[in-house]
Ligand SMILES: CC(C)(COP(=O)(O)OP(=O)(O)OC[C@H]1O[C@@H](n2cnc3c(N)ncnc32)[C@H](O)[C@@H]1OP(=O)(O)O)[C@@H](O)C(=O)NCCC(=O)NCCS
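Quick heads-up: it's one chain on its own, the form predicted on its own, in structure tokens.
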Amino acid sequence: MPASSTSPQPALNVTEPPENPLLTFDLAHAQVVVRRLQEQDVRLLEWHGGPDLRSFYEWQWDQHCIGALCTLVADFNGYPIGQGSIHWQGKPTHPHIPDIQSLRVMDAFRGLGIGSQLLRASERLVLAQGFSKLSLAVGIENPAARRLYERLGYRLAGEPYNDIWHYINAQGERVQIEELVVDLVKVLAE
């Protein structure tokens, strides 16, 4: 008979309908680590957009490697479940303010504060690089994200405009995306 272990075990709870699972349990010591993008993350990020966005993630990796942007990922057990890219040269509406783009969290992990932590880590990195502000754009049709950003101190900076970007899909076709957005800026230091 094996010796009993003194390490804590996850609590098991047998439950009944409505879902009637066999059992539920809590994961002990689950951690999410925010770190810089690594090459092995590029294909793993395809949980957002699949192979159609492969060219975008490859471009993002190239830009990360040359320092034009810094992509951070939220790593859960070796898998990137969230990401955001700091574009050091900003964007046309705010060319002198680093801009965070492509901020997203895998659906199953939304609502857990991961997006907020990606933003906080980005803010620290931007400050460490000597910048005092960080900007981002949010879709007019995404009020929940805007509320989150405003709660974290981001403020409206300008009028709505059409943000246009493109990528090459898995069939080699150029796909253009257009979205009505507003810019928000956070003052990190005076």
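All values reported here derive from a predicted model rather than from experimental measurement. When you see a residue number, it is the position in the sequence shown, counting from 1.
One more form of this protein, predicted together with this ligand, exists but is not displayed; see below.
Q.
Heavy atoms within 4.5 Å of this ligand in the predicted complex: which stretch in 155-163, 139-147, 121-129, 30-38 meets that?
A. Answer to the contact question: 139-147.
Q | Check all three, V42, G49 and R54, heavy atom within 4.5 Å of this ligand in the predicted complex | A | Per the other structure, none of V42, G49 and R54 touch this ligand.
Q.
Please determine whether W88 contacts this ligand in the predicted complex, using a 4.5 Å cut-off between heavy atoms.
A. W88: no contact with this ligand in the predicted complex.
Q | Interface membership of P95, this ligand in the predicted complex, 4.5 Å heavy atom rule | A | Heavy-atom contact with this ligand at 4.5 Å: absent for P95.
Q) Applying a 4.5 Å heavy atom distance criterion, does N77 contact this ligand in the predicted complex? A) No, N77 is distant from the partner.
Q) Quick one: is G115 in contact with this ligand in the predicted complex, heavy atoms, 4.5 Å cut-off? A) Residue-level check for G115: yes, a contact with this ligand.
Q.
Using a 4.5 Å cut-off on any heavy atom, which residues of 97-120 would contact this ligand in the predicted complex?
A. Heavy-atom contacts to this ligand in the predicted complex: L103, R104, V105, F109, R110, G111, L112, G113, I114, G115, S116.
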